[in-house]
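We begin with a single chain expressed as structure tokens, specifically the form predicted on its own.
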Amino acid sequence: MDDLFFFDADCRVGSGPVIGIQPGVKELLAEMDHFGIDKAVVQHGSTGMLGAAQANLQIAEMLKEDTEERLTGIWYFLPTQCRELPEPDEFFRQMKENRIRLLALNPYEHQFIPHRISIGKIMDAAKERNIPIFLREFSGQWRDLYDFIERFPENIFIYCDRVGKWGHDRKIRPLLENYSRFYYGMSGYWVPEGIRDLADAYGADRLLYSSGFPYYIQGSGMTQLKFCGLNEKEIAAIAGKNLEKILSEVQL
């Protein structure tokens, strides 16, 4: 399995006034080369302090350093009422122009309620275009996460949990069972036997390799996946093919 295609669903780059000096694009690419990661999804590491608009501009600028286009960016969105970001059609045009194919939200630090009356317009537009919504800012906020997904059951969601190294099966499994477009990235899921059990229960196509870089090194999750007991086809799907398929269906 040395020739596996790995597509990391959870990386952050960029320094900030609170988090301090953090790796940039060059450091991430060097890490990927070291461990044999082919591609990665990346967002700015200081989105909460910078705000959505500024963090989006900075990650778009940083992606220009990736001349081989191995990285795919995430942009954050806000309620449309305050008109801090462009209307959805223009916003999506700018996403395409800057190699951004996923959206994320941070209602806690960006001070809004993730409800249909605040963000329904952009959530519906994202659903129509198959744009995944990245949910790591909900980490640990389980009631909020359940309520949010229940309001938008037809959107594509990717949840990567950095906290809780021994797994949150009793909280994750109901989401996998009830929402067919919910995908689980296993950044903090350090339970090798659990990967196989999750795949047996809900399908290997619902699971994604994700490292949580720079908080965790990329190699630890790779090793866990390779020895989780699944067959080569299922491991290859989780390693990168699932995420590649999801992003191939985005319409911008």
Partner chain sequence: MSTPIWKQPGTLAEQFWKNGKLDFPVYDMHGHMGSHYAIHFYRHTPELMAEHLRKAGVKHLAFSHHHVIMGDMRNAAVAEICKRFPDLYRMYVGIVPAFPENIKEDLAMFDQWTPYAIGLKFLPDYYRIPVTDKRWEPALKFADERKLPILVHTWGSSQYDGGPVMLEVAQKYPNAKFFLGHSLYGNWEYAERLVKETNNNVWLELTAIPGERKNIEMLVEKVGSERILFGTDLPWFDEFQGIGGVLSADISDDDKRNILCRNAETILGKDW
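Not measured: the values here are computed from a predicted model. Residue numbers count along the first chain shown, from 1.
Below, we turn to the form predicted in complex with its partner chain, even though it does not appear here.
Stretch-level contact check against its partner chain in the model of the complex with heavy atoms at 4.5 Å: of 169-177, 130-138, 143-151, 114-122, the positive one is 169-177. Proximity to its partner chain in the model of the complex, defined as a heavy atom within 4.5 Å, singles out one entry of A40, L50, A199, M222, which is M222.
Judged against its partner chain in the model of the complex with a 4.5 angstroms heavy atom cut-off, the residues Y76, F92 and F157 are out of contact without exception. At the 4.5 Å threshold, heavy atoms of H34 reach its partner chain in the model of the complex. Mapping the unseen interface onto this chain, Y183 falls outside it, with no heavy atom inside 4.5 Å of its partner chain in the model of the complex. Heavy atoms of F6 reach within 4.5 Å of its partner chain in the model of the complex, making it an interface residue.
Shown alone here, M62 lies farther than 4.5 Å from its partner chain in the model of the complex, counting heavy atoms only. Residues F213, P214, Y215, Y216, I217 are the members of 201-217 with a non-hydrogen atom no more than 4.5 angstroms from its partner chain in the model of the complex.
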